[in-house]
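Let's start with one chain on its own, the form predicted alone, as structure tokens.
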């Protein structure tokens, strides 16, 4: 049998690659197995939410995100010039994002408007992650289809087939990041309850003979469904409520896109050429747990929902950020196996909330009078700042707060980037987290908090700051503890970094 490795990750999409990066930074040996011969170029997510974007920024991809965003803005500018419409790049707009096609989420109603979604498509995200994985020496084997695995008491034996023949490896843990049809989830026996599909959503890039008949750009709810043209040349999104496709895996054709577009938009248009096309449904399911023994799930393997609103990609990336450092700590022998249970405890409720809001969005987009009446009420409610903020934080994910048992509102939240004073200069907090370590922002003045941390673990970088409160930040950017003094810090260190600490060894 091949040499044993620590973790086999199944799936080399964005979630699988970030999971592998997190583990590798933490000193874990990883093998990534991918069924496809090359990255898919099908139309998928066209943007990434703030939390997913921040997970990448913390791992060295800020420049790549900025470059991809610049390319998107250039494409939007080209579309604007072609159509003669208003500038849709959004930089000067007071709105940010939408709910059920209602582009009413206002920047001025949000608590942290600077933490925003980025118009960076999934192909760009996957490419930058692949580059980062390559730079870390992560082995990614393509055209490897996992056929079986067996959990042992202390390992998982994994088998796969590839053009080179059969392969096998023994690993300590197996992670399924292999999408909504996850073979890992099915073979491991996870329950995957939810709702069956009722409609079909299409994304396409196509050459239309009379695109002006689909303008203005933006979401349009019609008697046939919902559609949007733009804000990039040729981009189409359509929601067809006539039912799910007979064969969801069949290749999307130009004829199919044209038929749906004409029916949903009511416009007399023809598809002259189809560059790319894909379809999804509102099939909504959630795994009963994200862990069964030594097998774990992340991303769409653990949860599927309609992609409307662009929440799925970010949801999966934050799964990876939450799981990676925890699994690495267990493999290194620094933390007990029970730490992995907090992965499900923290992440599953977040996915449950996303599934609920996507179902709600679909419900008020249906082309019937009842849905329209509810939709009108939602639009009017969004005029109130509190409601607008609530909806905005649902869509951005910034309402996330893990229940860590603290009465402080900041504990359990994912911290955004901020300048940190070091000597005579400011540095980015996220720049200090590039190696996957935790961070202590110590505002104690006398360095007491830093001394306590340094005596407890070498996995946390201590930074003296002038303004409080002091904060203990996990590698996934979750604030694990905050306070003006050091009360509770010791307990947080024991919970997340060093369970061997006991009251007898606690410094006074």
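Positions refer to the first chain, counted from 1. A quick note: this is a predicted structure, and the numbers were derived from the prediction, not measured.
As for the form predicted in complex with a small molecule, it is not shown, yet the points below apply to it.
Visitor: Within 4.5 angstroms, counting heavy atoms, which one of the listed stretches 447 to 455, 462 to 470, 475 to 483, 46 to 54 is next to the small molecule in the predicted bound form?
Guide: It is 46 to 54 that comes within 4.5 Å of the partner.
Visitor: I need to confirm a contact call. Of 282, 240, 346, 300, which residue comes within 4.5 Å of the small molecule in the predicted bound form, counting heavy atoms only?
Guide: Comparing distances to the small molecule in the predicted bound form, the residue within 4.5 Å is 300.
Visitor: Checking a candidate spot here: are 225, 228 and 372 all in contact with the small molecule in the predicted bound form (at least one heavy atom each within 4.5 Å)?
Guide: No, none of 225, 228 and 372 comes within 4.5 Å of the small molecule in the predicted bound form.
Visitor: Even though the partner isn't displayed, in the predicted bound form is residue 203 close enough to the small molecule, meaning a heavy atom within 4.5 Å?
Guide: Looking in the predicted bound form, residue contacts with the small molecule include residue 203, since a heavy atom lies within 4.5 Å.
Visitor: Is residue 36 close enough to the small molecule in the predicted bound form to count, meaning some heavy atom within 4.5 Å?
Guide: Contact with the small molecule, yes.
Visitor: With heavy atoms only and a cut-off of 4.5 Å, decide whether residue 438 touches the small molecule in the predicted bound form.
Guide: Result no; residue 438 lies far from the small molecule in the predicted bound form.
Visitor: Residue 312: heavy atom within 4.5 Å of the small molecule in the predicted bound form?
Guide: Looking in the predicted bound form, residue contacts with the small molecule include residue 312, since a heavy atom lies within 4.5 Å.
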